[in-house]
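Let's start with one chain on its own, the form predicted on its own, as structure tokens.
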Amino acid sequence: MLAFTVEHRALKQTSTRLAKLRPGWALVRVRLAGICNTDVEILRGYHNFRGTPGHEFVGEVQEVRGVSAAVKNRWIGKRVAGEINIACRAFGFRPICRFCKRGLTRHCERRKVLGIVAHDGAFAEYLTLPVENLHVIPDSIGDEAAVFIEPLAAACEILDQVPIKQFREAAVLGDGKLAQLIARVLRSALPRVVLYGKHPEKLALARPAKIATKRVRGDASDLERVKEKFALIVEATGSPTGLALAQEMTEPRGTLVLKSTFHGAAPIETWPIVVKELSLVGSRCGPFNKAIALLRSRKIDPRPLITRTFPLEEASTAIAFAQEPGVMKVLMRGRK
């Protein structure tokens, strides 16, 4: 199959054999894959990943191994999205780890992560995942919306982590792809959400979703210029500089949710956290069922965030384009 692997901080086209399926695993043909900021950070050295990146996808199940005929028939040909954390039980490890015993499979001590940690991802014709990771996509959700299920689920995780009904408003720092989805998810639950960003054309994408927007410079001057305070703030700038502004904008005893991941360290002063008694919440992957429900109900339509779609064969061009100023979501269409 055609695949792209990380080599010398670039994508290299390669031809490789299909992976051998473990019992309870599925072979999935990739129909559409999304490029995420994490994929860009992987090229910069994030997690020191080697292999095929890509974790946002819509696919079609081609084969399932080690299950009953009834289970196989239930999956073959289905359009699916997949949870990216692969727990130790899927690899047959015994005993399963302490976190899996508690149901925290996303935090499995021996987990692998699709396209991020030790497991080849979606920038290829095919990928493999355990059947337990797969979610069937309803016919009412098209591929271009369904490819957002994984990042939309990450946005929905905030609703599970934070007592959202205690808040009347929230601020989201960042105007990129994940920040846009977070703002939409929060707006589905709160009367007012304000998105702070540097790019007028990106902020404009949020306003039709009834999200207020405010422009910032994205540098140290924002600490003096931005006067608003919020009890709930989500930092999703994808930049080390966003954390300082987020701390400044969070009210005393407020909640600051951290969503940014990037390669390298972020400078941080801890005294504002202590003095203002802030609650810091790290937030990563989330519930696919809630993301699918939001898409199915059409409460959220992520398709306006798509800038361009490339064929898989042009993956290197696509990821370079994804890093250009003003670009939002870039997709890659798999081979038929």
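A residue's number is simply how far along the shown sequence it sits, counting from 1. Bear in mind the structure is a predicted one, so any value in this text is a computation, not a measurement.
Form predicted together with a further copy of the same chain: not shown, discussed below.
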4.5 Å heavy atom contact, Arg98 to a further copy of the same chain in the predicted complex: yes
a further copy of the same chain contact at Thr307 in the predicted complex, heavy atom, 4.5 Å: no
Contact of Leu243 with a further copy of the same chain in the predicted complex (heavy atom, 4.5 Å): yes
Partner contact for Ala265 in the predicted complex: a further copy of the same chain, 4.5 angstroms, heavy atom: yes
Candidate stretches 32-40, 307-315, 59-67, 282-290, one within 4.5 Å of a further copy of the same chain in the predicted complex by heavy atom: 282-290
Partner-contacting position among Lys229, Arg192, Arg110, Arg215 - heavy atom within 4.5 Å of a further copy of the same chain in the predicted complex: Lys229
Residue (of Leu258, Val71, Leu159, Ala118) lying close to a further copy of the same chain in the predicted complex, criterion heavy atoms within 4.5 Å: Leu258
Residues within 4.5 Å of a further copy of the same chain in the predicted complex, restricted to 90-106 and counted by heavy atom: Arg98, Phe99, Arg102, Leu104, Arg106
